[in-house]
Ligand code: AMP
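Presented as structure tokens, the chain that follows is alone, the form predicted alone.
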Amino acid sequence: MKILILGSGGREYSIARAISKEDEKHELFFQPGNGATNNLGTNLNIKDYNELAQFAKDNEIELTIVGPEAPLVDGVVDIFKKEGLTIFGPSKEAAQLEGSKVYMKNFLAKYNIPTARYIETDSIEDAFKFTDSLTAPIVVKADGLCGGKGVIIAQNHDEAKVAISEMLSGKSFGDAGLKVIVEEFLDGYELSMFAVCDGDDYILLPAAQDHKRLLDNDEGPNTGGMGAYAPTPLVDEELYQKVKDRVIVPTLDGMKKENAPFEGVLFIGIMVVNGEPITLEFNVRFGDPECEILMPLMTSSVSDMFLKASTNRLSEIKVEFSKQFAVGVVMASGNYPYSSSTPAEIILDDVKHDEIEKYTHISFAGVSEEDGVLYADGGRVLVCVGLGDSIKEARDRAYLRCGQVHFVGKKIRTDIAYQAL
């Protein structure tokens, strides 16, 4: 099968890596890909979605998989479907579940899906008034896409009001922050859950836990994610069932009523409070780095799951996972997440241990390639993934692999999966 993957990060690399390991051989294309994806397929440079759809038609691409949120919010799925192409991801209308936090919160309220008490507004006076009614900490969110960084957890009322002021003035996130959500802080533990959907049916994947903060002990600024592990022991069958009944089913039913059936990945950010799942947010694509740990755990066909989800045939397949655990540790560049860093050559030690060779791998993200040499040139450069029969074994293996990767300024957390351990 000829498959086109949109995106350039570790998420897209890990999807391609999983597909390339299948028995059936596939021909892979990436738009734009990164400096390492060209080892798995062909990188393209076609930025216009209409031209890309024409490329897909001309080259008989049988399946397109969209990795990041921006193309989905821009309507790439609608463009491809109009040309009769098979593409995995939600329509522009359905992608508003991530594209607008205001749309998402109002959708949750309309369909009685449990979420935190909130106000959505572009009025600084109304936002301040609601802030005064809450107990700190207080959550302030920009409405639009902010690359995973548009959420501020203010530790007091003054901090919350500064965040609100800077968002509404356009100082923090430009147009993405011209409407804000202020909501109550929920005290519990956070989970990432992913439902692969075809508009009617869904498959819920093993729950993961992400580490958003830059530094150990969950300190420092929020990032796009510094590591993750799955499956988490913090979820039992009862909690999975509650998420299905209270979140996924009403969301799929609600989106059909909104004339925007949801196809693609529904990424549910859950806060578990006293055993009850509360929806923090929706995203409309796989999380990164969660995707990097879920893909290697799949034992059934990855490409077939994407294809069946894209053609409303999820009911025909059973998606299966190994009994192992996976831990992913992100390696970031020196100035992440504050500013870009000078490209640095990546040196990979030769793997001499069978254990590391068999149970670990690297998913490349912010890398470029020149004359056969890889350079770290993005914020999150790569993810070292370890597999094991326990979370500890998987974590220890992931960190062994980290020790074999070198570049100037490399930055990692040393406590990934601490919640479970």
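All of these numbers come straight from a predicted model, not from anything done at the bench. Residue numbers run from 1 along the displayed sequence.
Same protein, other form: the form predicted together with the ligand, not shown, and the subject of what follows.
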Contact test, all of Val139, Met271 and Leu280, partner the ligand in the predicted complex, heavy atom 4.5 Å: yes
Touches the ligand in the predicted complex: Ile119 (any heavy atom, 4.5 Å): no
Ile248, heavy atom within 4.5 angstroms of the ligand in the predicted complex: no
4.5 Å heavy atom contact, Lys161 to the ligand in the predicted complex: no
Exercise: Leu145 in contact with the ligand in the predicted complex, heavy atom 4.5 Å: no
Option from 73 to 81, 233 to 241, 321 to 329, 178 to 186 whose residues, in the predicted complex, bring a heavy atom within 4.5 Å of the ligand: 178 to 186
Option touching the ligand, based on a heavy atom within 4.5 Å in the predicted complex, out of Leu168, Leu252, Val151, Val102: Val151
Selected contact from Glu190, Glu345, Asp201, Asp216, since only one has a non-hydrogen atom within 4.5 angstroms of the ligand in the predicted complex: Glu190
Contact set, 339 to 358 vs the ligand in the predicted complex - heavy atom within 4.5 angstroms: none
